[in-house]
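Only one chain is included here, represented as structure tokens and corresponding to the form predicted on its own.
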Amino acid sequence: MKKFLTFLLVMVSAVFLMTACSQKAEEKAAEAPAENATEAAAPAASTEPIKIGVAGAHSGDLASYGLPTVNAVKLYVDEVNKNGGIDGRQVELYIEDDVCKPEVATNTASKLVSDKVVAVIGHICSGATKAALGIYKDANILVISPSATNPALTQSGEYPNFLRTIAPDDAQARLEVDFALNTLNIKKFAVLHDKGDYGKGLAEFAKSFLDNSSVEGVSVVLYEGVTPGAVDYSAVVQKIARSGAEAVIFGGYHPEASKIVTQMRKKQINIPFISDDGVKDDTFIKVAGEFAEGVYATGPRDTSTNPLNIKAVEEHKAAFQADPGAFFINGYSAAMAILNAIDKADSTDYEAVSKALRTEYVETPLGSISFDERGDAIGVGFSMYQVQNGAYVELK
């Protein structure tokens, strides 16, 4: 019996030791893959191209606003790629035309999302930009517009993925109203707009500033929307004449502005016509011809003496044998801002690049710029221009 108990004790001890060894082996085996996985997950430098979208009006009546940005981005990206890219990665452009129409812009945005771009430079028009922004937001894609000035795009807080290299329309409308009241000494205004997000938004700001002006006797005697693309604006021109307005403030683009101004002047209505950066374009002067003379329009502050501005314009002339058009400098600066942010972030990660855009300043043709929490550019502003001898001249 004693021998049997001794034998049983030895066997139990042996089983215990075997079980313990087995558990240690399993634990070691379980730890090994984790160590290997850590090694496998070690970040390797990507050599994949950095995909950037460029969206805007590249055809149609408003192509003169969009194509300069395409040229600007191409020029800057070519320079970056020739210098080795960003952290060794080449930049690849995906260019899409939205014709400045919201219904087309949504398809444009969907196409760029499917192309897996990490950021978009554009869109150009505020209405098209607003239509596309939700699609980009859902896909964590940053958007930098050179020209979409509708205040709500940043001030509503709905689009944290949106930034712009141009000041918003409330600043633009403020400048127009202050100029009309304090420089031209106007008291009675006709405020017109094209019913779009951009034009109507700007006109509403102008009307609000006039309605709440502390200057005695100021009034808006006509507030009217016009139909974009119409051939004849004689009805609203007659209303301007009957209203007794001493000046017109128009929110919208050059196709409508050129027709309204032409018909006003032909009816001998020679009161000041004050508009926005949607009209401060050489195409307006070409279309309106002699009737463009004397028209006022706000536009991005002149930075033509900035060395980077001079360099960018010379590059455009050498590449395209022509002067750059509207928003070229804003588009060039947008390209510099997003690629600088990717470089500073050492990543194309949405959060990292978004943070870099808001914390890093970058030297651009517009000057040294960064972006505030809302996405508005810090360091940019508007000036008042007038058509003099067939060209826009900045008024000091």
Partner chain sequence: MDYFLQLFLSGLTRGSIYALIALGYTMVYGIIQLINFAHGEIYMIGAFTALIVASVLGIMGFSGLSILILAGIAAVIYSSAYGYTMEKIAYRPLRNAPRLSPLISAIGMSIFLQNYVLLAQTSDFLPFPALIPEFEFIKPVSHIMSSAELVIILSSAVIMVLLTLFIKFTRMGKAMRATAQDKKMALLVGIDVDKVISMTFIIGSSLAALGGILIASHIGQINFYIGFIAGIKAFTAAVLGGIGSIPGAVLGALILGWTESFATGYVSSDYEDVFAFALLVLILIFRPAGILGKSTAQKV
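What you see is a predicted model; the values in this text were computed from it and never measured. Residue numbers count along the first chain shown, from 1.
Just so you know, the form predicted together with the partner chain exists too; it's not on screen, but the next bit is about it.
*Asks:* Which residue among E79, E224, E92, D87 has a heavy atom within 4.5 angstroms of the partner chain in the predicted complex?
*Replies:* Of the listed residues, the single hit is E224.
*Asks:* Pick from K311, K137, K286, K317: which has a non-hydrogen atom within 4.5 Å of the partner chain in the predicted complex?
*Replies:* It is K286.
*Asks:* Look at the stretches 251 to 259, 202 to 210, 112 to 120, 146 to 154 and give the one with heavy atoms within 4.5 Å of the partner chain in the predicted complex.
*Replies:* Correct option: 251 to 259.
*Asks:* Can all three of R174, L184 and V215 be found with a heavy atom no more than 4.5 Å from the partner chain in the predicted complex?
*Replies:* No residue of the spot touches the partner chain in the predicted complex.
*Asks:* Taking 4.5 angstroms as the cut-off for heavy atoms, does Q263 touch the partner chain in the predicted complex?
*Replies:* Close contact exists here: in the predicted complex, Q263 approaches the partner chain to within 4.5 Å, heavy atoms only.
*Asks:* Though only this chain appears here, would P228 touch the partner chain in the predicted complex if you measure heavy atom gaps against 4.5 Å?
*Replies:* Close contact exists here: in the predicted complex, P228 approaches the partner chain to within 4.5 Å, heavy atoms only.
*Asks:* Contact between E103 and the partner chain in the predicted complex at 4.5 Å, heavy atoms?
*Replies:* Output for E103 is no: heavy atoms all beyond 4.5 Å of the partner chain.
*Asks:* Can you tell me if D232 lies within 4.5 angstroms of the partner chain in the predicted complex, counting non-hydrogen atoms only?
*Replies:* D232: yes, in contact with the partner chain in the predicted complex.
*Asks:* Considering only 168 to 195, what residues come within 4.5 Å of the partner chain in the predicted complex, judged by heavy atoms?
*Replies:* Counting only heavy atoms within 4.5 Å of the partner chain in the predicted complex, the contacting residues of 168 to 195 are H193, K195.
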